[in-house]
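Below, in structure tokens: the form predicted alone, a single chain.
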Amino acid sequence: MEKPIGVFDSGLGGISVLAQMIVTLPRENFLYYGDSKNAPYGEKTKEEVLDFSMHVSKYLIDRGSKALVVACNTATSAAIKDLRKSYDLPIIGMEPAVKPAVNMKNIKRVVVMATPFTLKEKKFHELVQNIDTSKKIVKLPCPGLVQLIEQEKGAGSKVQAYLIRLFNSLSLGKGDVLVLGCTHYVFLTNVIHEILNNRVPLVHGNVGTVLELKNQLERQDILTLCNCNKDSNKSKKDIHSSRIKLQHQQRIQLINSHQDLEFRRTGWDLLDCELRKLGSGNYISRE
């Protein structure tokens, strides 16, 4: 079996990044670790997040991971430099997608939703300072939102009430773009569009992160190539109707520090939902 790509987050948020990886890198194996025992990272100290990140990364690398994706903006801010100094393999982190948002046309204000930790860290301030722009960048900290998403396994009633209160304080509308600066928030794209009546475009960093991962795998000649000719013989309809049983092919493993079966069930459900949103035929089947 090909060596896996290790992916980790403080909980379930990195599942949204994992879904993008499955679509973009269809022949890779994945080992996902949700550090639910120590969640949420966004309300811990930098030293604590660094310690958690180093511990989880060692676990994933000891399990044979050929590359590592820190699918968490908070962990990236706290630990990415130390991880790259410690390990000689591709290590890709997350950052709020401020640059793509700033480059959009007809945008006057960039609103960045993120954990308080991410928004106060030096890495975020450097990101903003390095962008040459006259557009206003507004920080929108979301304390407690990650916990609600984990509790409700997505966008439940408490999450929706939280978002309504949050957005009412800003009066978002024409000329604004909303950056989802936490991988958990990607699960909320549909409900955010509904609350905002599709007035505001949403941007997040999942696609850019996965493309950077692919580039690094190619540069180091460790990308698992697909048999494109074989796949091209299948129509999109055929792929969708086959409902590929990804977990039964042992391509994906979901692990969490609580060893909680409910975490795994919720993880598979969220992964299935995200793959559907991405228009992939790689749905999770429980037959």
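Just so we're clear, the structure is a prediction, and the values are computed from it rather than from any experiment. Note that residue numbering follows the sequence shown and begins at 1.
Not pictured, yet referred to below: the form predicted in complex with a small molecule.
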{"property": "4.5 Å heavy atom contact, Gly42 to the small molecule in the model of the complex", "result": "yes"}
{"property": "His204, heavy atom within 4.5 angstroms of the small molecule in the model of the complex", "result": "no"}
{"property": "Heavy atom of Ile92 within 4.5 Å of the small molecule in the model of the complex", "result": "no"}
{"property": "Val146, heavy atom within 4.5 angstroms of the small molecule in the model of the complex", "result": "yes"}
{"property": "Candidate stretches 53 to 61, 214 to 222, 253 to 261, 66 to 74, one within 4.5 Å of the small molecule in the model of the complex by heavy atom", "result": "66 to 74"}
